[in-house]
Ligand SMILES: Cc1cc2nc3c(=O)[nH]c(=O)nc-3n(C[C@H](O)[C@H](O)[C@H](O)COP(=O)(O)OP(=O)(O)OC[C@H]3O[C@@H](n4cnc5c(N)ncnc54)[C@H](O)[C@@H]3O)c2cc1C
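To begin, one chain is listed below as structure tokens, in the form predicted on its own.
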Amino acid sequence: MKAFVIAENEGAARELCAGARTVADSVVLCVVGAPAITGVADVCVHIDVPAGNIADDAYLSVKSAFDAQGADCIIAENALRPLSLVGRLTAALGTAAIAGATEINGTQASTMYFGGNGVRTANAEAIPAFIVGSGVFDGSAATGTDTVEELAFQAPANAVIKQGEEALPKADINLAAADAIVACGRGFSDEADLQLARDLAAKLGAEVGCSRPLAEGVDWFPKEAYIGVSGAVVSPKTYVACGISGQMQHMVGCNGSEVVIAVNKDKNAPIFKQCDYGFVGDLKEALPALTAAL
């Protein structure tokens, strides 16, 4: 069996390639519009995107790479550009993809539905099987070579012409693969106070995430850090919710956590009915105390 992995972030590439290695004899990684990633697959196919084009339009090149390599299963990172590429690839091949996988077993995948209140398992009938997910494998055992094959960008007939671009802060966040996450909510009134959460995360060896308002309202976090029904869905061993009220839209994103710890000054916050441990107190007092205790 051969697996073809599409990823753009190193953490996700490592995780997905390591998982693919458990079910496939050969693993090929395809990276579009980002630096080549080595040491995680048997070969990395790298497609550079010209300045006037967008990575989403590289699907012809990706299909060429897939046709040349061949694979029984295509596993893609749950991120915007890989999702866009998978959508176009499935259309070109006349098949479909299983998106938002929280568990993958060969060509079978589990996904959540009804806002995270249910889980269903689907089996890909067509070959190659397309599955999109992150945080479903352990990436620590990723192995591979330094072999990189450069592939030219093929523009489609109706390519998007990029008129300009805005530089955004680099976001190398892979919440889905994190064992521990410290999540920040609207209880933080000042951006500078986020350092309290980052200090706690450093003690825990955790990633730092947030609720939707901090990523799309005040832009304190990149969108990759947003956890919730329309953001990242995570299942760490430990989830520390700081200043998060516990509305359903957010809790859907973290209800797979083994242990949920809440810190909130409102003793009536809904999250206290959904967590394993709760601390009622001001973030400026509670978070330094927790960090010191660790």
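Worth saying up front: this structure is predicted, and the values here are computed from it rather than measured. Start at 1 with the first residue shown and count on from there.
Just so it is clear, the following notes concern the form predicted together with the named molecule, a form of the same protein that is not shown.
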Sole residue of 28, 240, 47, 227 within 4.5 Å of the named molecule in the predicted complex, by heavy atom: 227
Contact residue in the predicted complex, chosen from 244, 40, 254, 32 - any heavy atom within 4.5 Å of the named molecule: 244
Among 195-203, 147-155, 173-181, 209-217, the region lying within 4.5 Å of the named molecule in the predicted complex by heavy atom distance: 209-217
185, 269 and 281 each touching the named molecule in the predicted complex (heavy atom, 4.5 Å): yes
Heavy atom of residue 249 within 4.5 Å of the named molecule in the predicted complex: yes
Residue 265: touches the named molecule in the predicted complex, heavy atom cutoff 4.5 angstroms: yes
